[in-house]
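Before any questions on how it binds or moves, here is one chain, the form predicted alone, in structure tokens.
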């Protein structure tokens, strides 16, 4: 895949996005050829049929497989938390990372249930990003380092990659990125996050608007927005999405923050997220708008807003069902069942 560890500028990432592997048409066509032969009315399994084709297309082989699902949760701290945008203090990020490592979080239970390998990567928690209302959240070098960390976290032998995050204050970053890149006011992109309301919510909306107004002249594409308004965990998610595409690993994005992180790539080079699916629709109000902006359709709508790849892990069960049906069902000829006339 090339020496990804030597990337030294965001322009190199921009060039990389221009040369990512395309869809494997041979694998896609094989899936399309098999599906109508299975013992069911064509289309009767709905999106399960679409998902099995998507997996084959981006894994680059048919039949698709789901023997090695993996989840990666990136954690980072945000300087903008000092503005009062979260209901929880910044130290909760580190405490939750400890909880992940100890097996006590929701993502641990979901990964155990669906046999998903989990790794949690903490990114300089003792060094929060800068307050983006005053200065860019990250320098170019800091942003690159976080993206490379995300790339390095993706094993090549992965059938599906679930991407999630943990970071007090990161719904503020996600809202700011979306406000900078897509239509709409700061208010429509900003939600309760960890549970802010009243005056704290008004502060959060103001912070999002102020941050975008400050950096808008310098934001020419999604990577600029990521550097100026994002966080290390968002940059790592973006890097993991890139590495997954290079390795032909399909990706399940989690909720609002993960989708916003990935959307910075799509806003830089259209088509970068073709190997990604949004796993679920978050209750964060900006998520529905964002999903439409990047022309995606979530697999699930469960009123979740936890983050930490919980929705993505849950969606692995759907993918496993899709693969089982596509690969395990008998064809009409094999079962001796008459096809439609």
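Residue numbers count along the first chain shown, from 1. Only a predicted model underlies this, so the values are computations on that prediction, with no experimental measurement involved.
Absent from the display: the form predicted in complex with another copy of the chain. The rest refers to it.
- Annotated contacts: 39, 89 and 194 all touch another copy of the chain in the predicted complex [non-hydrogen atom within 4.5 angstroms].
- With the partner omitted here, the stretch from 302 to 310, 270 to 278, 22 to 30, 55 to 63 that lies within 4.5 Å of another copy of the chain by heavy atoms in the predicted complex is 302 to 310.
- Shown alone here, residue 104 lies within 4.5 Å of another copy of the chain in the predicted complex, counting heavy atoms only.
- Among residues of the shown chain, residue 338 is one whose heavy atoms approach another copy of the chain to within 4.5 Å in the predicted complex.
- In the predicted complex, another copy of the chain lies farther than 4.5 Å from every heavy atom of residue 295.
- Residue contact with another copy of the chain in the predicted complex: residue 333 places no heavy atom within 4.5 Å of it.
- With the partner omitted here, the residue from 75, 223, 249, 110 that has a non-hydrogen atom within 4.5 angstroms of another copy of the chain in the predicted complex is 110.
- Residues are counted as partner-facing when one of their heavy atoms sits within 4.5 Å of another copy of the chain in the predicted complex; in 311 to 337 these are 314, 317, 318, 320, 321, 324, 325, 328, 329, 330, 332, 335, 336, 337, in sequence order.
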